[in-house]
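First, one chain by itself: the form predicted on its own, in structure tokens.
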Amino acid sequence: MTDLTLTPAASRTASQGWIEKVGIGHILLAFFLLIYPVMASDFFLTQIGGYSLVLGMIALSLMLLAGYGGMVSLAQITVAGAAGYVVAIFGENNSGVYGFGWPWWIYGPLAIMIASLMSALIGWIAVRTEGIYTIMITLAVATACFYFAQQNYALFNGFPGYNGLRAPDVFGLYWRDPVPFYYLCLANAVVAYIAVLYGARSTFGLTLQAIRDNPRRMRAIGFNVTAHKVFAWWLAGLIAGAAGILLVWFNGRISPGTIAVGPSINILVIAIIGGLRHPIGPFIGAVIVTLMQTFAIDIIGAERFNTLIGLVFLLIVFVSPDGILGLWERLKPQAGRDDWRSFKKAANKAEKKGRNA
């Protein structure tokens, strides 16, 4: 009898705990993203939805390094571009250079692996510096890779790059069609987002954040600071590499312009606008920047839309250095967050007293 009485309450508590753990915001966001193809046109589905998710993943790899490791990198688009060139060389292209025609399930993991190793190599060079010097080293690496790809015709086909990069057909679906491509980008973004959230709360993630705050103390108590930082670069390379594959499938081509300094800075702008210490921030920043890049040209002209992006960036940085989500965190207590928490605690106490009675 006692078990029958407690079972509904226990199940209700478990369900409430699950909702609280996941968060009502995540549930509502997941629901919106799943039904988004029903509401959006093909243009908004790919040019805004899919493209924002791809850019958000690259910015998420930067957020992992900068937010949790204190290492700001300007080479994340370079890492993504490395995966893209692997797709062009080992997959199929219309440039008449290489294009070995390997299936996607072989060149895809290979591209991610090479991108992650390249990221770890960049990290191994950059972790010996801090602050502005890390930024300058990664900027130098990104610039060197851009000029090397532009001038090397034997491997990278020089300035033209590779075109005619076609997404594969899987289970009768062409992955570049609007709906399949959107859900493919969404699935990859969700996996990357959950991995970063879980990693931030893991032993490695907490150690990395402690190294960010006080590397000298962590080294003094026996942690290998360099190894932890390089491993973080490797993890960031996995995310950027997966996004690089989606990027070349989206564009259908890759060239040195894909990995130029401008796109590298855009990734940093996206991450800062959304918030460098929030995993969801890079995706919010990607949506904002993509919308401005798409529609600002029609509003203020092609010559001034970058000026608009710069002004928005400066405004957000001045108002909230931690981006849009940092501003939201500061405004939440004014919206009654403390009152709601106290009300919830009081309700839980009243419920417990009712059970005991």
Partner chain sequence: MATNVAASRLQGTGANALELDDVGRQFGALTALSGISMRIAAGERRAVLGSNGAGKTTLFNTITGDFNPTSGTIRFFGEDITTLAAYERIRRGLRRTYQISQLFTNLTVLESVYLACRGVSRRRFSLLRPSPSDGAMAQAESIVHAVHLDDDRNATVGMLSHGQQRQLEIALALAGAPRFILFDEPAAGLSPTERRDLIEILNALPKHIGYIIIEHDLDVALRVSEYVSMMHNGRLFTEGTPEEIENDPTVQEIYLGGGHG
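No experiment lies behind these values; they were computed from the predicted model shown. Positions refer to the first chain, counted from 1.
One more form of this protein should be noted, the form predicted in complex with the partner chain, which is absent from this view; the next part is about it.
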95, 129, 209, 152 - the one with a heavy atom within 4.5 Å of the partner chain in the predicted complex: 209
Let me know the one among 174, 102, 124, 204 whose heavy atoms come within 4.5 Å of the partner chain in the predicted complex, would you? 204
Residue contact check: residue 278 to the partner chain in the predicted complex, 4.5 Å heavy atom: no
Though only this chain appears here, would residue 235 touch the partner chain in the predicted complex if you measure heavy atom gaps against 4.5 Å? yes
Wondering, does residue 222 line up within 4.5 Å of the partner chain in the predicted complex on heavy atoms? yes
Decide whether residue 159 counts as a contact residue for the partner chain in the predicted complex under a heavy atom distance cut-off of 4.5 Å. no
Among 144-152, 279-287, 192-200, 256-264, mark the stretch whose residues have heavy atoms within 4.5 Å of the partner chain in the predicted complex. 192-200
Taking the partner chain in the predicted complex and a 4.5 Å non-hydrogen atom cutoff, the residues of 256-284 making contact are none
